[in-house]
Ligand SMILES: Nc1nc2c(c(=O)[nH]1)N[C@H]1C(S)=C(S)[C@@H](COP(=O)(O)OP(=O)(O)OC[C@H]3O[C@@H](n4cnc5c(=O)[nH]c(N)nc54)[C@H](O)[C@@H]3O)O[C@H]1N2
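Form predicted on its own, single chain, as structure tokens, below.
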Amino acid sequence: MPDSAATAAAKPSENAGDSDSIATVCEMCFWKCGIKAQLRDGRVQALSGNPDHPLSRGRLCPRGVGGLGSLYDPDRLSQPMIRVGERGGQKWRPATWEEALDRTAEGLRGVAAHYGPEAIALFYHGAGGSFFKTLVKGLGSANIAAPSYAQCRGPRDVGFELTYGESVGSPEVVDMANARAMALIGTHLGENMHNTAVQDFTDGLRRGMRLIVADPRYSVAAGKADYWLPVRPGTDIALLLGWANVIIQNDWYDREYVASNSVGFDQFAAEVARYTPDAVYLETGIKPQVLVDTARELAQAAPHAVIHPGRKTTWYGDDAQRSRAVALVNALLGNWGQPGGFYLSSSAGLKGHPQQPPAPAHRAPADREAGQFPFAGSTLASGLREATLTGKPYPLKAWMVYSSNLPMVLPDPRRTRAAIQKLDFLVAIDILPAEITGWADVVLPECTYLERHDDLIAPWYREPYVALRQPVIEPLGESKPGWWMAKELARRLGLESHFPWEHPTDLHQARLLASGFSLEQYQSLKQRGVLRVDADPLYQPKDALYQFATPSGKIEFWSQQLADQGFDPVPVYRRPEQPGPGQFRLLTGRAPVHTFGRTTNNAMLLEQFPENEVWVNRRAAADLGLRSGDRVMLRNQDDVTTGPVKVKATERIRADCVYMVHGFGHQDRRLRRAYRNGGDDTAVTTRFKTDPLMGGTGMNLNFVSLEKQESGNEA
């Protein structure tokens, strides 16, 4: 593949003007921090945090600083390609944009004509996906899914929605900076490097926050903790209900708050009474006195205390109920709408384009059968894959995949490959040759976030704002912005009315004016990268009643919604399956300089974290004749293996599990730095359990053995 995408002389964007600094928004992860790009002679020299932006506050994480490594990656997709030969054969021919877009429109049109528009599905990740969502909705399909729901945060959101009537949002509405005590349950702050969250976390610690970390591994956060609870994997619900019982039995909860703001407390208290410290110890391995001491720490600091809801919560298939247990212990602390608990967020109230027509009527998504997963709040990516495989409830025959490397995202990649082979058409839109592009019929190369406009960004947050992503330089090679591709496809498919603007700047201006902003504010947004909006109060007066968006209007300790659907109205702990002889439960996580598999070809970031390792308890490693630096193959219960991965023998993990950073071990040869670098945990994640409440895929159910690779040993 030509290296022109990275080596061609670049032009500054028209936004540069006379300045060598341009404000825009990062996309090195989904947090979307405000950044400033410094240019010299048409080349981006450095990226820094935008001090005007409430998420970055003038600071940037290692991934954000390393964005130049993605912009100037020589392996970037540089031209459209059309497959030749069998799907998955990794053979393409270069194509013009005209030909590639014509072929894409033809593929989508053919599927819609033969099976109906609902046979087209979109998988997406990132802000740029909004334009393709508009396109697919305009076609008449509701099969639009972000894997981040069913494979990451969905169970967390549902657990809180069932309890409080609303989720904890993104960014999470956790007031860590003002907390006096906080518990993390398998939440890797400091390794999962979300800029603002880490800033708030460190601010809280600096102010004396007491920290409890329950995790089978001694994480970075555990190194900051007053208590590390090396909980047995899969027993978190027992731990949480044990805390609830201790707080109730010792009368450490706010009786007045619970009486005024909740329903079902007496039933809840009766259900959790069996989770005594001794009973919890037998399941979790956490000593009774430690359970009592940590419960006291939280209760004494209440309401300025919080159990963090986490982010990636798809662990064991009972994850929405575990999230509900987290929400219920927080309810005992009386921390909703309180400093050091959960603050009340607000938004800028940004409206859509005033001339955009509504989407046509469509069938219900194909991600589930009628009545299945009744509390799912978004379309399930794994469910769309299953519909593609089975044809139920109806067949999906075309996939559009935007910036989502499904073979390394969805559990059991064997099923992903089998589903792809049932498609009539697949188009992949991406920046790098990720594995999904190797299965595509058409590959459309998108330019990076530093070379394009996306739609305006206006999340719910403590300080509502509108942020602007705008190009810093013109696109390199033949790459194009997603908005341009979506509009061109809409023109070919007769959907021009769904894009009633010529350029994203027209879209931005129309949305702002429709929302009550002025042209002067729009000009300020282009210059500063962000518009801040007056906020509603962050906190609720302690003695005021809060109207929760539950059926009862109150916190629901006992959920009638769950009971009516045949589920446990109060979370119940069920003992998980344990690894067999010679096996370990596989746990995964993040590194602070990498985002999934999206950055493991980035030269700048690989300098800081060059490959993943498998963490093995030192004594367990010695029993297997392993030491740090040896290379092993992980073989799971289904006889599937990873590539060779380096051993990290350490006291910092329990002996019944091993741990790997996710996102390494790419198998696409075009990723020259990432190809077979480290081990791919997704390859051995062949077993998963689907959450019956909302369809999330619990993936911490795979057991692996370690096979030493003699030729790969290192001194």
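As the structure is a prediction and not an experimental result, all values here were calculated from the model. From 1 onward, residues are counted along the sequence shown.
One more form of this protein, predicted together with the ligand, exists but is not displayed; see below.
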On the criterion of a non-hydrogen atom at 4.5 angstroms or closer, are Asp215, Gly310 and Thr595 all touching the ligand in the model of the complex?
yes
Picking from Pro475, Pro459, Gly186, Gly529, the single residue whose non-hydrogen atoms come within 4.5 angstroms of the ligand in the model of the complex is Gly186
Partner-contacting position among Met694, Met699, Ala23, Val704 - heavy atom within 4.5 Å of the ligand in the model of the complex
Met699
Exercise: Thr690 in contact with the ligand in the model of the complex, heavy atom 4.5 Å:
no
Exercise: Arg670 in contact with the ligand in the model of the complex, heavy atom 4.5 Å:
no
When the contact criterion is heavy atoms within 4.5 Å, does Asp200 count as touching the ligand in the model of the complex?
no
Examine Gln151 and determine whether its closest non-hydrogen atom to the ligand in the model of the complex is within 4.5 angstroms.
yes
Mind telling me which stretch in 293-301, 386-394, 85-93, 140-148 gets its heavy atoms within 4.5 Å of the ligand in the model of the complex?
140-148
In the model of the complex, which residues of 637-659 put a heavy atom within 4.5 Å of the ligand?
Tyr659
